[in-house]
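Below you will find one chain, with nothing else, as structure tokens; this is the form predicted on its own, and questions on how it binds or moves follow later.
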Amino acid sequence: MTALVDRVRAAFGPEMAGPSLAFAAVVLVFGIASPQFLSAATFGSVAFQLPELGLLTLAMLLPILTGGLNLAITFTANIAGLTVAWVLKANGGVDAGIGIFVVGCLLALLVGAASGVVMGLVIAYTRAHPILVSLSMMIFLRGLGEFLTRGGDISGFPAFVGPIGHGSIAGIPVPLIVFIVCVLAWHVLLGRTKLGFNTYMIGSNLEATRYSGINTRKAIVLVYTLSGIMCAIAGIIMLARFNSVRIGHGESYLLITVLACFLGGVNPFGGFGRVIPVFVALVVLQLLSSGLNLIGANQHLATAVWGILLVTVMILRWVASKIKISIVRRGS
């Protein structure tokens, strides 16, 4: 039994404690408050709504682990979605073939990667703060998108695009399958690759990592490039789910991605955090939103609750660190 517990801790880390307790609390509270909460309909709704937010959270996770931030995730996703839309519109619209869609998706991935490369290069070589760099990219992409679309939506896509956002395979939503694959990819990347190790090292101490012989500039550029690619995947899923693209889609997701990372035990200053606890934290937040909806709360209240929860998480982590320091001092 002890060996099993040790294996679980090694695989998921102590970060699982917070999300697990939050999951139990949300299920218990809303299970009592609404008889419909613990139903297949609720969890089915969560399964369809979770992926787009989850993919954007994965895009946010890597920069945070390096001690940075990517404030441009939602606009990178929407620009990538617009890229797919433009390719489809320019090649038949609703009559465009699957090959054209594939080309559009590849171009979208390139657009997302380009956004990440630019941010990564500026951050790595000028040492500008990631918040300022990603904020600049966010403003640029937003302005570019508004200019190109005149602030409107682009819609009218082939019928085969819809199932990517709403279809199921063996009862499992297609977007959820894509998200789970991406979660596993990030889990392997951070736990089994050189880039993952370098990411944690950079977040712990950038200067020490540089002096140890690690090419920190290359690692940072790769981190933001992968973040941009993940944004593009999210943008494609959002296009298929909404059957339209608008540069302002999902603006509220930015706060929630940061909250999910912190609730999942990721250190806001970088260096510590794992993918699986963040995945559980995302499920908790989505269940919280569904629970509030079932009891008749306004959706804006859910956003307010997420903000309060973010502050609460930061306070609890500060208290926990103080308690830990106190225990260490007593032991010494």
Partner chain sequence: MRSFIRTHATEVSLFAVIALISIVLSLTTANFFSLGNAFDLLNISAVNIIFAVGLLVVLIAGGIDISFAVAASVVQYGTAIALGWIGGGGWVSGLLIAGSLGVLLGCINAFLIHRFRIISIVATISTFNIYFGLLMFFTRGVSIYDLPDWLTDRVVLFEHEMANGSWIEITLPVLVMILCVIATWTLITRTTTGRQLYAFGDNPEGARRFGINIGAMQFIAFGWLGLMAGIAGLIQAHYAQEVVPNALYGRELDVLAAVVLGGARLGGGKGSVLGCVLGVLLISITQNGLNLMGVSPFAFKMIIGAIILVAITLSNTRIERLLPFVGPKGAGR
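The term rigid core refers to the most C-alpha atoms you can superpose between the two forms while keeping them within 1.5 Å. Everything numeric here is computed off the predicted structure, so don't read it as measured data. Residue numbers count along the first chain shown, from 1.
FYI, the form predicted together with the partner chain isn't displayed, but the following is about it.
*Choose one stretch from 221-229, 182-190, 126-134, 98-106: the one whose residues place a heavy atom within 4.5 angstroms of the partner chain in the predicted bound form.*
Result of the contact check: 126-134.
*asked:* Can you tell me if residue 154 lies within 4.5 angstroms of the partner chain in the predicted bound form, counting non-hydrogen atoms only?
replied: Contact with the partner chain, no.
*Taking the shortest heavy atom distance, is residue 262 within 4.5 Å of the partner chain in the predicted bound form?*
Although the partner chain is absent here, residue 262 would touch it in the predicted bound form, with heavy atoms inside 4.5 Å.
*asked:* Please tell me whether any heavy atom belonging to residue 150 falls inside 4.5 Å of a heavy atom of the partner chain, as the geometry stands in the predicted bound form.
replied: Yes, contact at 4.5 Å.
*Would residue 314 count as touching the partner chain in the predicted bound form under a 4.5 Å heavy atom rule?*
Looking in the predicted bound form, residue contacts with the partner chain include residue 314, since a heavy atom lies within 4.5 Å.
*Just one of 139, 195, 117, 177 has a heavy atom within 4.5 Å of the partner chain in the predicted bound form. Which one?*
Checked against the cut-off, the match is 139.
*asked:* Just to be sure I understand the contacts: of 320, 17, 25, 310, which is the one whose heavy atoms reach within 4.5 angstroms of the partner chain in the predicted bound form?
replied: When the partner chain is considered in the predicted bound form, the option within 4.5 Å is 310.
*Neighbours of the partner chain in the predicted bound form among 214-245 [non-hydrogen atom within 4.5 angstroms]*: Just 217.
_Does residue 310 shift between this form and the one not shown by 2 angstroms or more at the C-alpha, the core having been superposed?_
Yes: residue 310 shifts by at least 2 Å between this form and the one not shown.
*Is there a C-alpha shift of 2 Å or more at residue 319 between this form and the one not shown once the rigid core is superposed?*
True for residue 319: a C-alpha shift of 2 Å or more.
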